[in-house]
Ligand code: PLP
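Here you get one chain, nothing else, as structure tokens; it is the form predicted on its own.
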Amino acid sequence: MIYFDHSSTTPIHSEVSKRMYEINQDHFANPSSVYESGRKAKSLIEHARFQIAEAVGAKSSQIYFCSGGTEANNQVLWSLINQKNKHIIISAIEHPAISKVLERLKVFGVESTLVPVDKQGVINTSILLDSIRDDTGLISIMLANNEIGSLQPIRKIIKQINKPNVPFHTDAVQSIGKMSVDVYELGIDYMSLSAHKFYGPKGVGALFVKNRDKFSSFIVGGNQENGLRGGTENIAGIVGMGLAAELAVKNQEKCIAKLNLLEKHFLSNIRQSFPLAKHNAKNNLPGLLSISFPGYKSDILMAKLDRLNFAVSNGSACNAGIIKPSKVLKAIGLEDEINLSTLRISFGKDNTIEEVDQFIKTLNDILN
């Protein structure tokens, strides 16, 4: 299979897989235990915490491990029910782990404002700023969109906010290893990460919390993660995430160059053979392409490509199997017919020009 769906999930890095096997074999003790093997397990977690902090420019004490980006997003949003200010602002293209949570929070008095984006998927900053109210308790804007790859001017937005002390959260799940991420340069208060998006294991993520004074636990139990996330830690997963983050940042420039090369090669060739192809959100994350093929249904295209051993998607993997117009593509103004003719193609660090050429030839055969 030729895999072009890295925005859904990435294959685990061989070094990460090897390290996790070693941890499961040799360091299985509960990290909350006081004996030597427990203390060793705890030290492995703390080293991974340092690796994640280094990757995003944070302090180790500001990193909390959890099960992934969905849990991290949920924890930030559910914290609002304990706050005085219960109004939240989000963009129209946020991940369901943000937008759907707000529906559940209505019964707790949490109100939300949805800010539109332009045709490239970039948020309307003026409307966002005008939406800030006296009771606004959170602004949550994703750093890079998971369906179309559009990048948001987070730092620019934060600099223009004239109401002090409004916490800002960003879902940066798609970003590590594909762009520079520094929590202090961005000026954010919270940030969500997920290991399986940067060649780490599934089922483990992290949340950056600038100041935990107004932050509460979402998973209640023991006092793990400094009281912010109960439950015995997934030692192997956490260690795998730490190593994956270190490797992703270390090889970031090389990876970005590779992804840009593959993207440029694909776009230049597909436009020659299928001029009607529409590239949505041109200011996109490297290697993440949303391409519409008018007159061709995406579900049929995906089925045919799958039979020929190519893996692509038509949007968020969280909506897999649901063939209906994407809310993200609706938000950037695509009509339903074009919306349902769109593929998401996301390249990875190990893809090759030869694989892209095979894909272009196969796609041309199907389209023609």
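Note that the coordinates shown come from a computational prediction; the quantities given were computed from them, not determined experimentally. Just count from 1 along the sequence shown to find any residue number.
If you look for the form predicted together with pyridoxal-5'-phosphate, you will not find it shown, but the lines that follow are about it.
In the predicted complex, no heavy atom of P31 sits within 4.5 Å of pyridoxal-5'-phosphate.
Proximity of N73 to pyridoxal-5'-phosphate in the predicted complex: non-hydrogen atoms within 4.5 Å are present. Put simply, H95 is close to pyridoxal-5'-phosphate in the predicted complex: some heavy atom of it is within 4.5 Å. When pyridoxal-5'-phosphate is considered in the predicted complex, H87 lies well away from it, no heavy atom lying within 4.5 Å.
Here is the short version: of V173, A281, L207, I238, the single residue with a heavy atom within 4.5 Å of pyridoxal-5'-phosphate in the predicted complex is V173. Checked against pyridoxal-5'-phosphate in the predicted complex, the candidates M142, I188, A245, L289 yield a single residue with a heavy atom inside 4.5 Å, and that residue is M142. Contact with pyridoxal-5'-phosphate in the predicted complex, defined as any heavy atom within 4.5 Å, is confined among 196-204, 150-158, 100-108, 255-263 to 196-204.
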